[in-house]
Structures are given as structure tokens and as C-alpha cells.
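Coming up is one lone chain in C-alpha cells, specifically the form predicted alone.
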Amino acid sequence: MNNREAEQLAKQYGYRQYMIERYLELFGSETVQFLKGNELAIPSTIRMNTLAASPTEVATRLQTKGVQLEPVDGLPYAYRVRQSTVSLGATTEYLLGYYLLQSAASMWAVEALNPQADQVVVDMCAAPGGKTTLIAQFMENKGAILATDISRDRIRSLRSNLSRMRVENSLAIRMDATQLPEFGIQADAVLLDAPCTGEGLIPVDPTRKQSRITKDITILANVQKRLILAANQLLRENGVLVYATCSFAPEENEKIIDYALQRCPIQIVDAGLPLGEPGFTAPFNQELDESLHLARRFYPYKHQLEGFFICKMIKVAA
């Protein structure tokens, strides 16, 4: 590794040096392109709420108010905001629950989960509720969703969004999601968008270039390990688990999945997403399960999305 190069890039782009050293190992000759991509603005996206109104009708109403929208390929309910003369969090349509401001990357996690109307679904770290309300949209307000979050402040946002977005099949509980197996739940699908260091959000929050140290990765990885083991316990046989983060760190992504594969009766399957790079199978020269190539990584410089990781798994017979 060229420490001088890492030092120069860290100074040029405003990162902690350890982050650049890691990126050089992971991305090699594409590191500068990766860093430049993190400097580009990512268009805001809104997700139309089909539980409340027709997406095309809402889009037309917003366009008459000076909002220029562009459909997102593969997400028929999502639109990029190219320009707006109004505050999108204060329109009549927003207050009526016709749409939600939500990153497209997080929508792809729900696409991977593909919840069905007759299922029991658990959203383990649900606040502020973007993915939970989209799950309800997929399920057409049928079946049952259990949404949990440990934060008192964030659970308020979750409950507010569930109400505003007209979700009727969800129960929101403030609790530590690692305790969920104590209730004997047998879920058809579980979404675990785990708490993480959030490097993938650098394009929308540049303070994350400096806000974390290496110890934070270790601390959060330990939390993620406990959560993914609990998620596995919640699933019935053949149930679906989708693990996601907004982190670039393999320690929070592939290595968490590899940890679970060694301890749980689960296997990785193709998430069926039309975009994303394959997951790492040997990050930092550490050999991991080969099936991790089926996971998907999103990068700002390649996909014009926040950095994101998605892995879909199926519980198999023990």
C-alpha cells in the first residue's frame, strides 16, 4: 500500500487517512473515481404511496406546482426530483400521505424482500419507516408487519409515518430487536437494515468522512452479528431474510453474512435486482463464502445512489 498516496488523497478529499487506505485496498485503481463519485450530488427521490393515490396522478399534481420529476427505472412508484420550487416535505400531497421522501437504494432492499399480502413480516430496525411503509404497500395493507426500533425519538417518526402513509397492517414497538426471538415469532420474511457506520451516505452528509474511527466498525459489527442471529431465529423454514446497510465496510457487510452462514441454516440467493456490483468474496485477502458474489453493492460513482449493500438469504432445513 502506498501510504503517501493515501495521505495525499485523504487531504485532497477530506477523509480520515485510514478510510483512504481501506478504499485503496478494496477498489485499487478505481479509488479516485470512487472518491470523485462521493463528491457528486445525488438527486432526491420520492416514493409514491399506492395505498393512498395513483402515482401518475400525484406526479401530475406535483408537476403543476413546479416539481420536475423523472421516473426511476425498475421502480414504478419512484421518481427522481430534478427541480422543485416548493418544499417537498410541506406540500398538501405530502401531508396527505401521497408520497414519501426516500432514497432509491433503500427501496431496492424492499424489492429484494418482495413481501406478499398473506405474510408475516418483521422489520427489525424500522425507523423512520420508509421501508416499513413500502412493505405495507407491497402487501396492499394485508398480512401483518411487526416493526421495531430501539430509539425513543426514532420510534415517534416511525409511528408518524405509518399513520400518515395510511398503513393499517403494522404494529410498531420500541424494543431491542435482538430480544424478538423470545416471543416465538415465526416470520415469512425479515428485513434487517442494520445500524452501521454509514459511509455510503457521504454524498449527502460529508461529515461522515471524519465522524468515525476504526473502533466504530468493530463496535457496530458486533451489534450486527447479534441482530442477524436474531433475524435467523425469527424465520420459519423457507423464510426470506434481507440484510442491508449503507456502509462500504466488508466488516459490516460480507463478513457479517459469512459469520451467519457458519452458524445458521441459511443460504444466499440471487436478490433479482437489475443493478449493483457483486459482493466481495475475498476483501482484504480474507477468504469468505463464494456465494457472497450474489450480494449486491451500490456505489455513488456507478449507480448514482447512496452507497448501499443488500444480501438476500433463505432459511433452509437445519
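Keep in mind that what you see is a predicted model, and the values were worked out from it rather than measured. The first residue of the shown sequence is 1; numbering continues from there.
Form predicted together with a small molecule: not shown, discussed below.
S.K.: Please tell me whether the candidate spot formed by A249, P283 and L288 is one where all three residues come within 4.5 Å of the small molecule in the predicted bound form (heavy atoms).
M.R.: Spot residues vs the small molecule: no contact at all.
S.K.: Look at the stretches 70-78, 230-238, 122-130, 202-210 and give the one with heavy atoms within 4.5 Å of the small molecule in the predicted bound form.
M.R.: Stretch with heavy atoms near the partner: 122-130.
S.K.: Decide whether L101 counts as a contact residue for the small molecule in the predicted bound form under a heavy atom distance cut-off of 4.5 Å.
M.R.: Because no heavy atom of L101 falls inside 4.5 Å of the small molecule in the predicted bound form, the answer is no.
S.K.: So in the predicted bound form, is the small molecule close enough to S151 to count as touching (4.5 Å, heavy atoms)?
M.R.: Although the small molecule is absent here, S151 would touch it in the predicted bound form, with heavy atoms inside 4.5 Å.
S.K.: Consider P195 of the chain shown here, and say whether it contacts the small molecule in the predicted bound form, taking contact as heavy atoms within 4.5 Å.
M.R.: Contact with the small molecule, yes.
S.K.: How about D176 - does it come within 4.5 Å of the small molecule in the predicted bound form, if we only consider non-hydrogen atoms?
M.R.: So D176 counts as contacting the small molecule.
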